[in-house]
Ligand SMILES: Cc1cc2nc3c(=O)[nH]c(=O)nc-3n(C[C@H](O)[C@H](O)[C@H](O)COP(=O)(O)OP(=O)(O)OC[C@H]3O[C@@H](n4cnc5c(N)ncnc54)[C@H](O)[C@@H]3O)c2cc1C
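The chain below stands alone, shown as structure tokens; this is the form predicted alone.
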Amino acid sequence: MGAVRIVVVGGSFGGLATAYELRRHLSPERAEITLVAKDDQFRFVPSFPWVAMGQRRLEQISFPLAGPLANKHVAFAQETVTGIDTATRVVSTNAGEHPYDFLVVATGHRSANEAVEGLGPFDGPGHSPMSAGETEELAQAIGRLLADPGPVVIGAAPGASCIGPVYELAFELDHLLRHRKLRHQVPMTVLTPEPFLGHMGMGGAGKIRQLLEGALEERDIAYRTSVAITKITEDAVESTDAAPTPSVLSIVIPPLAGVEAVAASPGLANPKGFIPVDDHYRHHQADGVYAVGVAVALPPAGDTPVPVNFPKTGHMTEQMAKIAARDLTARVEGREGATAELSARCILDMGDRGAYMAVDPVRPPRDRIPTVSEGRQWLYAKQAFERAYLFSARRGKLVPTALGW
């Protein structure tokens, strides 16, 4: 029997972790692994808020994919996927076709900026740090704010699932403005679709609600919950719950959708473009197809007055990648792989300190009371983790998931 052909689509956390984990268990003689990604760079997305604040340059949190993958005997194709045919087992790209025996879809998301009128940044006044280009543009906008201060709104749109950056950006910008002695000229407001602060699409986590309420209040950052943002203009953010909130800098996290090629491939995704999977991250119907990360369809943790979708963090993505890679390996070897509940561990940058959360499992009810801790040590830990992750990933290794992030 020849080597099985495995195609991994996506070069961020899910794709890289899957490729590394597969190669740990399957030698080049057992499996030909090809990673397809439209970008030739890996970018450490959790550091995008630091790029926006001018604390990092994009190149400091990026590295080329080709070298580390070649060292792992993983072929790299910098191509844009145009379609996936699960019947013939072929991934089509702008440069050709990649036949597969097994496929792992780790394409991430498409930011559905169109959900809020005016949410640019390239075709409207609103800003979002959900991609490298958008983050660099936001950094320029923050530079303009420092030169010409005015009110700021930071929030998330209805249906958003990536809520953590809302709090990080608010705390980091508050810290930056205080350092520049400009905070008194910049009224700040947080608008969130969450029913309460710290819900984050997972029903909250221990004392995080109280921590965030206290932190925003002590920093004089106004906030409203259950807010449905509808429009961003040059000088305000409009919502259904109140009069327009004045803002010369509006940062809004959009809802996410499946990438176009996945959404358009027959029988692959649900109407929102996300892929339904089982506990092993296998596709419900298409044999040999797996999905990990943001590409996976996960139901909300519960109903809320304004929709808030289930979170998908980098830490959770790597857990999915390892479960999928080990199950795929087990199938190649003629056995059944193990599965596990997703947990979440993350650190929020609060400007002058950090907040650590550990939730196991992510979806309530939980066996353990969530851990919530606050202090400057967690900010140092977040900075150290960034360096450790990039150092390891450049060398074909991953920091153990148990450390959390």
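Numbers for residues come from their place in the sequence shown, where the first is 1. In this text the structure is predicted, and so the values were computed from the model without any measurement.
Another form, the form predicted together with the named molecule, is not on view; read the next lines as being about it.
Site residues G155, R224 and G351 are none of them in contact with the named molecule in the predicted bound form, judged by any heavy atom within 4.5 Å. The named molecule in the predicted bound form comes within 4.5 Å of a heavy atom belonging to V259. Proximity of L22 to the named molecule in the predicted bound form: non-hydrogen atoms within 4.5 Å are absent; the residue sits far from the partner. In the predicted bound form, E374 stays away from the named molecule, with no heavy atom inside 4.5 Å. Proximity of T192 to the named molecule in the predicted bound form: non-hydrogen atoms within 4.5 Å are absent; the residue sits far from the partner. A106 is the sole member of A106, M202, A170, A160 with a non-hydrogen atom lying within 4.5 angstroms of the named molecule in the predicted bound form. The contact residue chosen from M53, L342, V36, L26 relative to the named molecule in the predicted bound form is V36, the criterion being a non-hydrogen atom within 4.5 angstroms.
This chain is displayed without the named molecule, yet in the predicted bound form the stretch 80 to 88 from 240 to 248, 96 to 104, 80 to 88, 210 to 218 comes within 4.5 Å of it by heavy atoms. Counting a residue when any of its non-hydrogen atoms is within 4.5 Å of the named molecule in the predicted bound form, the hits in 298 to 320 run K312, T313, G314, H315, T317.
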